[in-house]
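Next up is one chain by itself, shown in structure tokens, the form predicted alone.
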């Protein structure tokens, strides 16, 4: 169901394809970006009378199966593609579609394949995917850029206002250097499927498709075409002011400030940093409602005085991705992007936020 869209211009893709063979039952859902194939292996709970295939309207079929009165149901395709579903005293007759008209799944070569741990991949997605762009004007930024080389995976996402980069070490990586971009929407659905997966998953790639094999489930996604921006040069290699905060405390302060800034057209907060007083003050303002001022507790503060404005939602998203007790913010100039890293940072996880000009 995760691969099925009600907005598709191809009517048959609003349905689930069911293929019954002597080996078992294969269910397939697809849209323009992803295709998902799940196999139910023949066993005592799947009794096969005869082989065949059919496409049924996904929304109705899914809801019917959820609401059937018994744990067992029978399923039979009759003349004119009419399908009978029986369970206990309940009987449904649904109009199906010819499965021969259903688009074929992409062909992905086995020549280029490798494995990744499912839990690690899910973390990698969750730590970067939130920063992809939702604007179709620059399609390449709607995906996460992956580079795999030397037993290392680097994932980067940016919407040009913020950036999240995560690097992880892996074992038995592919021999070749792999460079590809997966749409953020595809990764959102893949992450949900991976929520209960700790085992390694198989990954195969072709020129414009990637296939993740998770047990009896196959997840296909198209790859975005084009060259991703050179993001390494955006990350500053030095800073003039560094502050270490307790993550939950600064998150709570941003939440309070956002109560007012969300009512403003600009949605901006301002940090005033004064190392001499060992003080950081957070300001939020909405002309229609009022303003808020809060002195923040800081663990360490070194460097020069600074005043900087930014979107509080970007920093809140960064903090959610870190899931660490303490973070360090590194600043250079009031109108230059600043970075946010875990306190015990080894360069493997960094986020960058672009400030807002308020004058």
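Positions refer to the first chain, counted from 1. Note that the structure is predicted; figures quoted are calculated from it, not measured.
Omitted from view is the form predicted in complex with a further copy of the same chain, to which the following refers.
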*Among 178, 140, 272, 289, which has any heavy atom within 4.5 Å of a further copy of the same chain in the predicted bound form?*
289
*asked:* Which residue, 41, 295, 48, 302, is the contact with a further copy of the same chain in the predicted bound form, using a 4.5 Å heavy atom cutoff?
replied: 295
*Answer with yes or no whether residue 63 is in contact with a further copy of the same chain in the predicted bound form, where contact means some heavy atom within 4.5 Å.*
yes
_a further copy of the same chain contact at residue 90 in the predicted bound form, heavy atom, 4.5 Å_ = yes
*Can residue 72 be called a contact residue for a further copy of the same chain in the predicted bound form at 4.5 Å between heavy atoms?*
no
*Is there a heavy atom of residue 255 lying 4.5 Å or less from a heavy atom of a further copy of the same chain in the predicted bound form?*
yes
*Every residue in 57, 94 and 260 with a non-hydrogen atom within 4.5 Å of a further copy of the same chain in the predicted bound form?*
yes
_For the interface check, one of 281-289, 235-243, 145-153, 126-134 should have non-hydrogen atoms within 4.5 Å of a further copy of the same chain in the predicted bound form; which one?_
281-289
